[in-house]
Each structure stands twice: as C-alpha cells, then as structure tokens.
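Shown here is one chain on its own, the form predicted alone, set out as structure tokens.
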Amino acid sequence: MARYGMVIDLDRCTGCRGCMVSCKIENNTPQGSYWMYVFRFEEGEYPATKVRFMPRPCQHCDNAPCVKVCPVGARYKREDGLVATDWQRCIGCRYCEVACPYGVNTFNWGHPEEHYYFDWNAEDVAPEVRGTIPAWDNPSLDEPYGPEQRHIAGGGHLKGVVDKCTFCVQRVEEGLDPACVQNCPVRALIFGDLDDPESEPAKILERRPSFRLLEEAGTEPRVHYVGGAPPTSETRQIEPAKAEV
C-alpha cells in the first residue's frame, strides 16, 4: 500500500498563498481556519534583508501525538500515511489541538451555516455566481472514506469538532493530488508515495538534502522540506494578511 507524504521546495515557493485559497475552496474550511498556512519570514538587517516563505500543512506524523491523546478514537492514523479525523465521532475535547506541536488543528465554534462567507443566494451575489455549486455543497465531503468507511473529508460540518488538513482524502482516493498541490503555480508542493523509490517526492529526497519541522519532537512527520532552512531564533515572522476567501 502507498504511504503518502509531501515534499515542499522552499526554493520555489513565492508566497503567493494559492495553496491556502485552493485548500479553503476544496475543503470548505470555516472562516479564519487555514489548514494550509504560509509563514513569511524576514532575515537580516535593512537594507540587507531577505524574505522567505514556508507552507505548513498538517505534517501527518507517523508518531502522531494527536492520535495518542484522542479519548474516543476520532483521530487516527491510516495505513496510507494520512492522519484523519472522524468528525462524526469527535467530541470536541481539543486534546489533539493541545498535543500537536505544529498548531494545525482548528476548532469549529459555530454552526455550519455561520461558516459561510456570504449568502450564495443573496440578490447581489446570485448574478455573479450564476448557479455555481458552492463549496459546502460538494457531495464528496459528506462521503465516508477508507476501508473503515469513516467520515473524514472536508471541514465545517458540525459545531464543536476539530478540523485539520486531510491531504484532501476525497481527491487522493480518486487518484488526484491534494488541491494545494494541484494549484501551486510553481510546483513547490509535490505529493506522492514516499515509500516508492520511483515516485517524484522520493526521487527528490534521494538527490537533495531535506529537513522536517521539529524533528527533535520525535513525531516523524511525513512532510519534508528541501531548499532553504528551518526558522531560527534570528528569524522574524511577518504575519501575512488573511486571504479574503
């Protein structure tokens, strides 16, 4: 069986945030919730400064602390490498949110109808969307997935549950790349079977030095970075503006 993971090329990333936008559209994440987040860092002193970018999805750790602390088994590790959340089973205790060292979990504070950014049927909106099916009506987000047939796709389904990046399981099981990978204009995100030496991400890791975030935590992330370097104490984070989608 495939063991999926991601390689992120920091030499290619331009900080366009297209991955953040495509993730929200594909997965119907609530307002203010970003499963994919692009950090912007500044190094050096003016005028010799440099800005670089670091996309951060869920790391889908092989030794995931969020899985260990879930008291009801809603958070679990799939055989294909994805760390998933069964939103029908989640009780909203938020233990996973506390346990994760990467800050990738978000809690749904409101009912689903409160997650919409605007009324799709409003008089001033309807002429612009022209009957387009809104993201929250994507039927694939309501389907069960995996051999366990559990509800793990999409976000914003219920009030009081925790959401996070799923690597777009609804696309992966159809043989497609996650939305962030599909829509990256510079191919900075590469997805595939890390255990297959013939896959593109495996070949990149074979020929280029790489690092993983917080390796010292022992979480064994399945997201690898090439190019650039991990943030240091000398790195200043620049808070990006929120994507208006």
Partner chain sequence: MKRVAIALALVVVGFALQAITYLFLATPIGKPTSVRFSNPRVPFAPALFILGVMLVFIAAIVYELLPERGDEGSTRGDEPRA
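Bear in mind that the values here come from a model prediction, so they are computed numbers and not experimental data. Positions refer to the first chain, counted from 1.
Heads up, the form predicted together with its partner chain isn't pictured, but that's what we're talking about next.
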| item | value |
| --- | --- |
| Residue 210: touches its partner chain in the predicted complex, heavy atom cutoff 4.5 angstroms | no |
| 4.5 Å heavy atom contact, residue 148 to its partner chain in the predicted complex | yes |
| Distance check, residue 62 to its partner chain in the predicted complex, heavy atom within 4.5 Å | yes |
| Partner proximity in the predicted complex: residue 200 to its partner chain, non-hydrogen atom cutoff 4.5 Å | no |
| Heavy atom contacts to its partner chain in the predicted complex at 4.5 Å, residues of 75-106 in sequence order | 76, 77, 78, 79, 89 |
